[in-house]
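Before any questions on how it binds or moves, here is one chain, the form predicted on its own, in structure tokens.
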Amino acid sequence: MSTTRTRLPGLISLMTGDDKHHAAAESTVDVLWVLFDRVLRVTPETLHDPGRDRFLLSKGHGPMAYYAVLAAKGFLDEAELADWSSVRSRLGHHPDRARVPGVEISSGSLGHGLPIALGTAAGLRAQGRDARVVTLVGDAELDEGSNHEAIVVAGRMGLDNLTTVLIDNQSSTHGWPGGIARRFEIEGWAVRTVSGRDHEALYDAFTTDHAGRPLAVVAVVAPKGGH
């Protein structure tokens, strides 16, 4: 674990006043760090490069870990974190793409990240760009019908530049017969299921070849309300 990664809990702790969504932030921090530290080809200097990789946070409620990682990687000034969600701050309880550097979509209304990522990945492929699109969703979001449609279409199109990360904290109301991984496998996705806390396993899952198929990484964390 890098020295900078060890600073993330302290950065997250600067953002108070949203205890309801603290667990949502805590469940994503390791996935976010591995992506921005080792996987995604995007930096503060390449924010507007058409060939950059894109990260789309569909799980946009409780974005404290997201802001902390963006600050640690230089997209944001760390001094902004303590003032988050005030009338003076550009860091809201839901991320705003028009105000926050590094944020690709405004999110928080669940169920939209994967469909948007699908369209983005298809557009980049049509343009001949070698860019990856990664979206992070929660397991409960799979209850949204728009996600089911996107899963089917992405599999049929063979969008291997699309990756979906599922944070599995067992909060889904309906679930899926055979588990979350099966939901994607049956539609032709490559699927990896790993611990959402194991950085090496996450990195291996993100970088394993999946030519011709979109990739779903199921990142398992403690059940919601657990420890």
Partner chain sequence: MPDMREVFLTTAEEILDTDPDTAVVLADISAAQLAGAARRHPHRVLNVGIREQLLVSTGAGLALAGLRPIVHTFSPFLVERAFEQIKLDLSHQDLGAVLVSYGASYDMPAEGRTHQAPGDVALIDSLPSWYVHVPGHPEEARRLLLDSVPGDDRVYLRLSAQQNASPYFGVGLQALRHGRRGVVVAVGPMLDRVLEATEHLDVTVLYTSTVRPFDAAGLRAAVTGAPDVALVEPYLRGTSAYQASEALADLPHRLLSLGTLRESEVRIYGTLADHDLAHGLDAGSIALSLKEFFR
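Here the structure is a predicted model, which means the values were calculated and not measured. Numbering follows the first chain given and starts at 1.
FYI, the form predicted in complex with the partner chain isn't displayed, but the following is about it.
The listed set 91, 72, 137, 118 contains one residue whose heavy atoms approach the partner chain in the predicted complex to within 4.5 Å, identified as 118. The partner chain in the predicted complex is approached by residue 150, whose closest heavy atom lies within 4.5 angstroms of it. The closest non-hydrogen atom of residue 85 lies beyond 4.5 Å of the partner chain in the predicted complex.
Put simply, residue 54 is close to the partner chain in the predicted complex: some heavy atom of it is within 4.5 Å. Within 4.5 Å of some heavy atom of the partner chain in the predicted complex lies at least one heavy atom of residue 123. Scanning 99-114 for heavy atoms within 4.5 Å of the partner chain in the predicted complex gives 104, 105, 106, 109, 112 in sequence order.
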